[in-house]
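Below you'll find only one chain, the form predicted on its own, shown as structure tokens.
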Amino acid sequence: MMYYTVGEMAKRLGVAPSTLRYYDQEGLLPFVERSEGGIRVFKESDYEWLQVISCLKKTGMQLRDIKTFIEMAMQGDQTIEPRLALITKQKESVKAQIAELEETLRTLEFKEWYYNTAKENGTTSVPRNMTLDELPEEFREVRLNLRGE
């Protein structure tokens, strides 16, 4: 069986070794073994666990909820339903984040168009004073929202 040090596993995951040490201190790595000298040693099978932790962390899930998820997973099949519920809830949270980011992106795209138009005309008064009908269609709703209309 192949074993990895904290540094080696951190490199594979693209995180700092201190991240893995922190996760261990927070109780997120109950599956990690230690050598006779007390040093953390990671198995190949730990990689998938660490990828799941990384994924959940990226979604904004709180460490305590990640810990709960891992504890449930360690308990086995009797926790399938609550684990599924946790994942489903987090998926909905990510979808909401994506929707917010898409709205933010549309606003940035509008502002980019706005300033490109201002640059071409030498003034911001041109895009600012355009009627809704004069605006590109994809930016009409954005301007209405920005102006609280």
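Numbering starts at 1 and follows the sequence shown. The structure presented is a predicted model; accordingly, all values stated were derived computationally and were not measured.
There is another form of the same protein, the form predicted in complex with the DNA; it is not shown, and what comes next is about it.
For a residue to qualify, one of its non-hydrogen atoms must sit within 4.5 Å of the DNA in the model of the complex; none of S54, T59 and F69 qualifies.
When the DNA is considered in the model of the complex, only one residue from K89, K119, K95, R34 comes within 4.5 Å through any heavy atom, namely R34. The DNA in the model of the complex is not approached by R12, whose heavy atoms all lie more than 4.5 angstroms from it. When contacts are judged by a 4.5 Å heavy atom cut-off, Y23 counts as touching the DNA in the model of the complex. Contact check for A16: a non-hydrogen atom falls within 4.5 Å of the DNA in the model of the complex. In the model of the complex, the DNA lies farther than 4.5 Å from every heavy atom of A85.
None of 35 to 43, 76 to 84, 105 to 113, 119 to 127 except one has non-hydrogen atoms within 4.5 angstroms of the DNA in the model of the complex; the exception is 35 to 43.
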